Ligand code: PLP
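Presented as structure tokens, the chain that follows is alone, the form predicted alone.
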Amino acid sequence: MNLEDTLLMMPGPVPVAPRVLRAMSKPMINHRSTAFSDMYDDCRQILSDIFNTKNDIFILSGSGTAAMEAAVGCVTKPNDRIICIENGKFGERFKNIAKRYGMTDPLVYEWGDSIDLSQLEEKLQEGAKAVTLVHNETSTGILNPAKEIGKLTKEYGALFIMDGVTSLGGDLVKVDDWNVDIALVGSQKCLAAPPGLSIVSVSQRAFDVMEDMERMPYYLDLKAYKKSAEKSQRETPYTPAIPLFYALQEALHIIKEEGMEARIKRHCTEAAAVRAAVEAMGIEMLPDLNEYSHFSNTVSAMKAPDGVSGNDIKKDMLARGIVIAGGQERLSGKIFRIGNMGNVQPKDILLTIAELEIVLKKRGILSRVGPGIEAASDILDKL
């Protein structure tokens, strides 16, 4: 398989622009230099606009999971009660990380089911140090009600820790307006940079909690990141992955050039096109929505049609040069997923839908090719 001819249509990593790849070939610089400080400042300024926050922002050399651990580990003592909302794989991961640091009180739903806010409020009435949430749960294609959860956590005095790994940079996120104390994103998702970096925003309230902490992670100590970022020559506390910083900076410039309003509209329109296409093909979406939840605008999760496994669909698509995702763990074989993150363009959506129709026709699921393409085209014409 020629990787250069393969189209990534999965929920990360995503296709990376050639100019981003070229940026990584720049010469190494001293990470304690003005050149690095200027790059760090530039990245953090653009990220502040993406996060819609005035809170401190730091870039970690580590994936989104590293940022999840930093967020929980820096504010949690062994006897602290953490409410962990889980309705998918990454909500489960947040819960498992929190178990290492405090006492978890999971609020668990079937993967793909919506969150019941009244149940969360009941738990908050019992007292909690923090609430963890995955805003955009890519394992199930559901967008969780971060705004409403932020309102509840503020009312009951709990910290709100939000995984925005697959929404920030592709969907509307208002960290300050939603009362998010620690928000995080991964570089290889909607930001469309290579994997290996994560970004966190941290409120003053979260830093106030850290002042009372006796033990914190060493490498992921957010107080250390704040101290280094406040030096006259801004830097990270430990050696950063410089080539990835080059790539991130270039990817952020692409976002700035497109404009966040246009970028969000593109992501939302493309996701709507995928949903319209699969509906026209008679395929059912996975998430079970309520009045507060929505379909994800960066990845679509569909139930595999009767008579075929989601893993078989994934393999058939790969044979045709398109990488989509299957289901994870308990959903393996039951679903398949199509991502539209980062720099995915309408032509990529149309090609993916066309190939999916061919795959399903060959497997006897569709009688003809065309309804999905027609439905997607009608939506994409709005861009």
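Quick caveat: nothing in here was measured; it's all calculated off a predicted structure. All residue numbers are counted from 1 along the displayed sequence.
Omitted from view is the form predicted together with the ligand, to which the following refers.
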Candidate spot 65, 138 and 165, all three in 4.5 Å heavy atom range of the ligand in the model of the complex? yes
In the model of the complex, does residue 87 have a heavy atom within 4.5 Å of the ligand? no
So in the model of the complex, is the ligand close enough to residue 134 to count as touching (4.5 Å, heavy atoms)? yes
Taking heavy atoms only, is residue 188 within 4.5 angstroms of the ligand in the model of the complex? yes
Look up in the model of the complex whether residue 93 has a non-hydrogen atom within 4.5 angstroms of the ligand, and give yes or no. yes
Looking at 165-173, 214-222, 285-293, 306-314, which stretch has residues with any non-hydrogen atom within 4.5 Å of the ligand in the model of the complex? 165-173
